[in-house]
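First, one chain by itself in structure tokens, the form predicted on its own.
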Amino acid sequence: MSNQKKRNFQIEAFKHRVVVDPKYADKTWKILEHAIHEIYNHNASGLSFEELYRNAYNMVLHKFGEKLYSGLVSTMTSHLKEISKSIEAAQGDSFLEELNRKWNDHNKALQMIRDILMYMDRTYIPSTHKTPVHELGLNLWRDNIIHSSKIQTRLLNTLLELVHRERTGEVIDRGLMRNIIKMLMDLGSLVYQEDFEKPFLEVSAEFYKVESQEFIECCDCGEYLKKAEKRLNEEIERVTHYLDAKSEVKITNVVEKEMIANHMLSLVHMENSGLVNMLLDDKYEDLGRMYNLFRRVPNGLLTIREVMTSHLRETGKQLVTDPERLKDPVEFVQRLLDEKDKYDSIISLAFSNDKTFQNALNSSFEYFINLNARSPEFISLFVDDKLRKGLKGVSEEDVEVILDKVMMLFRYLQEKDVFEKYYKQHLAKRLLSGKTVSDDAERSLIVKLKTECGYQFTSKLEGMFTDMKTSQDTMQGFYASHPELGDGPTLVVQVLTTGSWPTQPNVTCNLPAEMSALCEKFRSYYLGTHTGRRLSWQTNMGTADVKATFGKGQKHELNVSTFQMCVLMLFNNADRLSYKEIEQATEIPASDLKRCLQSMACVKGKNVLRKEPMSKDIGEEDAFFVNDKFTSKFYKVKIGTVVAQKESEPEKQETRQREEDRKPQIEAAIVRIMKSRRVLDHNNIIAEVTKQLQSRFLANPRRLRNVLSLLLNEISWRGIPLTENCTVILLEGIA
């Protein structure tokens, strides 16, 4: 087989010419034209679609495509003109029904005609760049029906009237509306937009403009927002039922502009019902509705934020500057916490935890809390109150919640170092008096402060706890080495490390002989077990429990200060003592002694002493006796010391020294920055130092400038006199 020669086959065209009947095209077209008429007249069941397809095929094959196409256009146009008359004649509600019915008939007819002319659609039309059959049918429907002078305006008015009726509460045939709108969409997006959507949006804008004005005049803010929300939801629902999905953005923009954007300021400032009233009355639902509506329009949330911030700053300013509210620091701080909880709830429940609103809230609190210079002190007093008695019986989880709230206020403070000083004083008093309700709570707060401000902020506070634990061990060792002291007076000494505890003036007094001997034994023991240390007694900070027997054998245990104990012990050896004798025997400073005697002789219910002459004040000529008639329903009686009328000297000194205390920190920050940057202009130094110190306090630029100037003079930096535009250069070799 491989030896056989390969043969090439070729198919040749007919040599002779095919002759076509001259009347073939007309006859064939008449058949096809009749078929189209029958299709439009609903008589297509008797037609042979295979024969019709072959006829159309042959016409195209024999170069009669143009005749076929033009005949189709003419025939369809003729039928559509008749259909147009039928639609025009429809009255009332039957107009849209007739239009919809004829549209459906036209689509069915168009499908059959396209099937018959499929060959023309695939070959002749692409080669001649004519409009395909289906698209041609749609265009002819558009031109002869939709754009008919007697139908176009009527159709638009009918559709807009139905939308208006639905907006006013009537029920319309949504299925029919959907079919008509879909017809417009099928005819092309331009037809839908020009013949319906554009006029629809214009009419809608006018409708909502009028309606919103009516609502503004007759409704309060909450009611108006409900109506606006309802209208917005209705338009969104309308789109889903019978409009183009792309129309949703456009119609909602119309509603938002006319009902919300154009009335924003009127709504938020509406008398007796605007945003401020909603905030005051905790109207979470109305606030949430306002937030969700206003977020849809430009600057909507900004408007809410600005009004809320303005109101919050004004109310906060009143809160922190009202003299009446400043009388009770604990209540002052509690009001701040309540206000913060209130707005936290509003932002969480109504404003979707919007970070911009949370930032505005934080900014407002930081603003007005720092308007009151005593805020750091008051927050420390609030903590002191809670850790002394306010947290008794409170669960550990609730304690953490309260401490977290305190830390939240602490973060707003610009003068954190002032808080530290007050907190250290209050913590010292709690620890030394044993009045803290929970060591765990105390330590938890210190951990939070350490996390917030760093180790340096809390190192001394942690040292105070270490001293308390060490003192307990020291006292156990002391009594273990002196078993003979078991029957006498009991001494408890707290050994405090200088520098860790608040500075106190070293006020001495003459202790009773038995206590003085006991103190001396402790001194010998302590210095014998610790080398290189020095003890200094702080008698003004001590307390004592004294057992006393009054007239008729009535016994009480008196809780008093060390100074008060020294005075009371003198009456074991004397029935009557003058002020001069007491002062000489105890050597207590006059101011402290007078307050001490006043608290024991002039305070009703605590007057274990009586004086002559009787008066509220202590005089140097007064004489004192034991009050044999003293009675109390309690066995244990706490006798406090009358508070000094003016600020104590240590507190005065701290106030005066605050700026001076900050100077080393400012200097250290300047040196750190200059070591790192080497060359820096004045303004950037101020900015960098302020940033470094903001975790401790808000540095005053003028103060920074002064410290920088002094530092330049003190150390060997060489440069020009300091001006706003000067450059500071760190010279090599400076530590």
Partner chain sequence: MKIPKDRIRFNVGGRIFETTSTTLANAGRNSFFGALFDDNWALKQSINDSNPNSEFYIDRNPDCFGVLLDLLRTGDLHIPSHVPERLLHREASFYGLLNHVRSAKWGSFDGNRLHHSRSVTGRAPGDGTAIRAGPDGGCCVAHGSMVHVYDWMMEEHPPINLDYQRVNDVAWLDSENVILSACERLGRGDGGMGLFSKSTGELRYKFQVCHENQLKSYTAGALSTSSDYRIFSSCKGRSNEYGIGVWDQISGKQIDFFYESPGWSLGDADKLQWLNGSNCLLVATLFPRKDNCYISMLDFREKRMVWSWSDIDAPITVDEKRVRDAIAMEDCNAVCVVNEYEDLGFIDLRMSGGSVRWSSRSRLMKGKMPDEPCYPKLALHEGLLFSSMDDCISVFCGPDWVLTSRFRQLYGGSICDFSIGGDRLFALHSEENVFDIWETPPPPIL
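This one's a predicted model, so the numbers in the text were calculated from it and none came from an experiment. Residue numbers count along the first chain shown, from 1.
The protein also exists as the form predicted together with the partner chain; that form is not presented, and the subsequent description refers to it.
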| property | result |
| --- | --- |
| Among 104-112, 333-341, 154-162, 448-456, the region lying within 4.5 Å of the partner chain in the predicted bound form by heavy atom distance | 104-112 |
| In the predicted bound form, residue 122 touching the partner chain (heavy atom, 4.5 Å) | yes |
| Proximity of residue 127 to the partner chain in the predicted bound form, heavy atoms at 4.5 Å | yes |
| Contact of residue 116 with the partner chain in the predicted bound form (heavy atom, 4.5 Å) | yes |
| Residue 54, heavy atom within 4.5 angstroms of the partner chain in the predicted bound form | yes |
| Residue (of 671, 47, 31, 686) lying close to the partner chain in the predicted bound form, criterion heavy atoms within 4.5 Å | 47 |
